[in-house]
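Below you'll find only one chain, the form predicted alone, shown as structure tokens.
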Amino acid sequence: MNEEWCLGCHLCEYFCAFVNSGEKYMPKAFALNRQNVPNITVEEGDRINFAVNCRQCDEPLCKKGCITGAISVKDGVVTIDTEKCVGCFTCILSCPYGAVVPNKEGKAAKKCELCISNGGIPACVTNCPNRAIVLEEVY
């Protein structure tokens, strides 16, 4: 995240929620009575804005805190198996970045998984008008 480039437009949130909604058309994703929660949120400050999203930690605290083993790491991507998740939300409390949130039903946890189920190109990255969000490997 390049905080100094973030406009605070929240388009990353909308595109994240849309892509992860399972809908083909954006208007349907946000139709009445739909509560699509994005896996990324923008926090706005006086002079700086920044995106709160999963950092795909090498040693994720959310995984260590998961009592059911629902959180795993594969090819550097931290994922949550919603079938195994019991909704205890220990992972939410464990994440130092605040990047794990309840799903729209409030019964399981969810987080950014780099859009691996949607082609592997994060929607927040491709739709950020100012290129404030980038995907890069950090060593």
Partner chain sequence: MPINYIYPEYEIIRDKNKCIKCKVCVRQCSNEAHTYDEELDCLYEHNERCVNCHRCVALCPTRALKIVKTDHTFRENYNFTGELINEIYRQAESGGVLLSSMGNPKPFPVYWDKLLINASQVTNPSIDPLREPMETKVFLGKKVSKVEFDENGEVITKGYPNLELSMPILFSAMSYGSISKNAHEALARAAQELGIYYNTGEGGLHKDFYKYGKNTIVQVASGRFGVHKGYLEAGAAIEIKMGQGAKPGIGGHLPGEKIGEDISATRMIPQGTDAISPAPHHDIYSIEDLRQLVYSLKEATNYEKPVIVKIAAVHNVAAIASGIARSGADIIAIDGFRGGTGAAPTRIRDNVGIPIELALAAVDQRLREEGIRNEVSIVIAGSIRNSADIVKAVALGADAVYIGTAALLAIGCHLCRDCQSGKCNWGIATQREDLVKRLNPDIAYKRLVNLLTAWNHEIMEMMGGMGINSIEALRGNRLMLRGVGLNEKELEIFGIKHAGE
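Residue numbers count along the first chain shown, from 1. Computed from a prediction, not measured in an experiment: that's the story for all the values here.
The same protein also exists as the form predicted in complex with its partner chain; that form is not shown, yet it is the one meant from here on.
In the model of the complex, its partner chain lies farther than 4.5 Å from every heavy atom of K24. For N130, a non-hydrogen atom is located within 4.5 Å of its partner chain in the model of the complex, even though that partner is not displayed. Taking the partner from the other structure, its partner chain in the model of the complex has a heavy atom within 4.5 Å of a heavy atom of E44. Taking non-hydrogen atoms only, V125 never approaches its partner chain to within 4.5 angstroms in the model of the complex. Using a 4.5 Å cut-off on any heavy atom, none of the residues of 75-95 reaches its partner chain in the model of the complex.
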